[in-house]
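Coming up are structure 1 and structure 2: the same protein chain in two forms, each one given alone as structure tokens.
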Structure 1
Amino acid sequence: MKIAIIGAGAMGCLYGARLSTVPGVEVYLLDVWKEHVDAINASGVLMEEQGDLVAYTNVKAGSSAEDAGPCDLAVIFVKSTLTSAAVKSNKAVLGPETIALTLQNGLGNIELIREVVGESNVIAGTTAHGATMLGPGKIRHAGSGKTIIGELNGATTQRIRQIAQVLQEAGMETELSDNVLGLVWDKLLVNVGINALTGITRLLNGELLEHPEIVELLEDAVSEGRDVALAQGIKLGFPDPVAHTKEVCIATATNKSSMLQDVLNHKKTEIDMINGAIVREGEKVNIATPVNKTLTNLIKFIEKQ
């Protein structure tokens, strides 16, 4: 199976590196960061994991999708602010038979990818792994969790089973779901509770739970999001999304969330697709979301600094 990873940030590198260990799998990491691409081609992806440093050298990296050509699977891992542009500029890996899998954070990625590759070629899912970029070619795997994927129409197809099997062989615990939209919201609510708060406070995921005043905000932000989801008729996978978010804080305790990493690197964050999305979706169903509005505005202020 030939696999392209569109967006070789920390998460893209984690999945690409692990997939490259599966016999018969060929992995191309596509990214615009030249120094990072060069470092991977010279020494592989260096992954720090529980104190060990492992080099995954069976990967090719590049900035041009033309070099990779059409793939069987393209995993989209760019930040959700870049989804549309990244899918369009990497169209060369997306042949008529290519399956595009989004495991990104935030709301709206499925729709953006579908516009470029067509409905039947898109599958979606979520990941509970955490990873941090340490420098060109080097990442830290900061926390493990499940990968859950599914067809948009909920069917258990041969292709979805095959992709789950490859992920499983790559050492990523993987499950299938017949409720992808619910899955995307489950993950969205985790990001709603963790990402903006870590970006504002600069705490690690696990440290959020050490401060009662922050825990209260986490609970309120996630509860607002849950109310919006339920009002929209979304079937959430977790009966208690607040408790689930706290479990993810613990499972990824030493992780700098992706939004904190963006804040520290002075990059645009995914706030509009996370807490900002809750505000927008809340307006559609007349649910007030003051905590999410406040978190969104504070992150937008920080982005301007």
Structure 2
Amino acid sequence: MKIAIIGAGAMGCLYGARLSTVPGVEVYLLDVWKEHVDAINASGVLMEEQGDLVAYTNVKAGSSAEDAGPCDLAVIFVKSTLTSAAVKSNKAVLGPETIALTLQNGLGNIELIREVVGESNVIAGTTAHGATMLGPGKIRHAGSGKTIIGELNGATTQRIRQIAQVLQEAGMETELSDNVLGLVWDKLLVNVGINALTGITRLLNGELLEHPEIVELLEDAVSEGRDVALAQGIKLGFPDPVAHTKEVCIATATNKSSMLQDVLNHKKTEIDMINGAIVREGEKVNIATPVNKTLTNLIKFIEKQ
């Protein structure tokens, strides 16, 4: 199997490195960061994990999709703000039979990828792994968890079984889901409750729960998202998304959310695909989302500074 990883950030490198250990799998990491690409080609992906440093040297890296050519599977790992541009600029790896898998955060990535490759070639999923970029060619595997993937229509197909098997062989615990869109929303609602608030307050995930006024905003933001999801007929995996979000805050208490990291690094955030997505989807079903609108606007203001 020939696999392209579009977006060789920390998560892209984690999956690319692990997949490169599977016999018969050829992996290409595609990224625009030349120093990073050069470091991978020189020494492989260097991964810190549980105190050990392992070099994964079977992976190839490049900035040009033409170097890889059409692949069997393309895993999209760019930030959601870059999805459309990244898929279009790497179209050379997307042949007529290529399966595109998004494991990204936020809402709207499926639709953006579908515009380029067609609906029948897109599958989706979520990942509970965590990884941090340490420098060119070097990452830290910060936490393990399940990868859950599925067909958009809920079918259990031969191709989804095959991809799950390859991920399993790569050491990534993987499950199949017949409700992958529900899983995407489950993860979205957690991000809705945590990311913008951490970006605005500069608090760590667990610290959000120490302030009653912030907890109230978290509860209201997630509740708005839940109401929008249910109005759209989405089957959520948690009966109480607010309680689940608080559980995630506790489980990841010392984490800096990705949005907080972006704010601190003066980078554009994924707010439009998270809280902003709740606002857009709410408008479609005539549900007001004032808390998510306010959080979205505050993050956009911070981005301008």
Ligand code: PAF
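Think of the rigid core as the biggest set of C-alphas that the two forms share within 1.5 Å after superposition. Only residues modelled in both forms are compared. Source: prediction; values computed, not measured. Quick note, the numbers are simply positions in structure 1, starting from 1.
Comparing the two isolated copies of the chain, the first one is the form predicted in complex with pantoate (PAF). Rigid-part membership between the two structures: Asn275 and Leu230 are grouped together, as judged by which of the two superpositions better fits each C-alpha. Superimposing on the larger rigid part's C-alpha atoms between the two structures leaves the smaller part rotated by 16 degrees. Core-aligned Cα shift between the two structures at Val242: this is 4.2 Å. On a core-based overlay, Val263 has a Cα shift of 2.9 Å between the two structures. After superposition on the rigid core, the stretches of at least three consecutive residues with Cα shifts of 2 Å or more between the two structures are 189-233, 238-266, 275-305.
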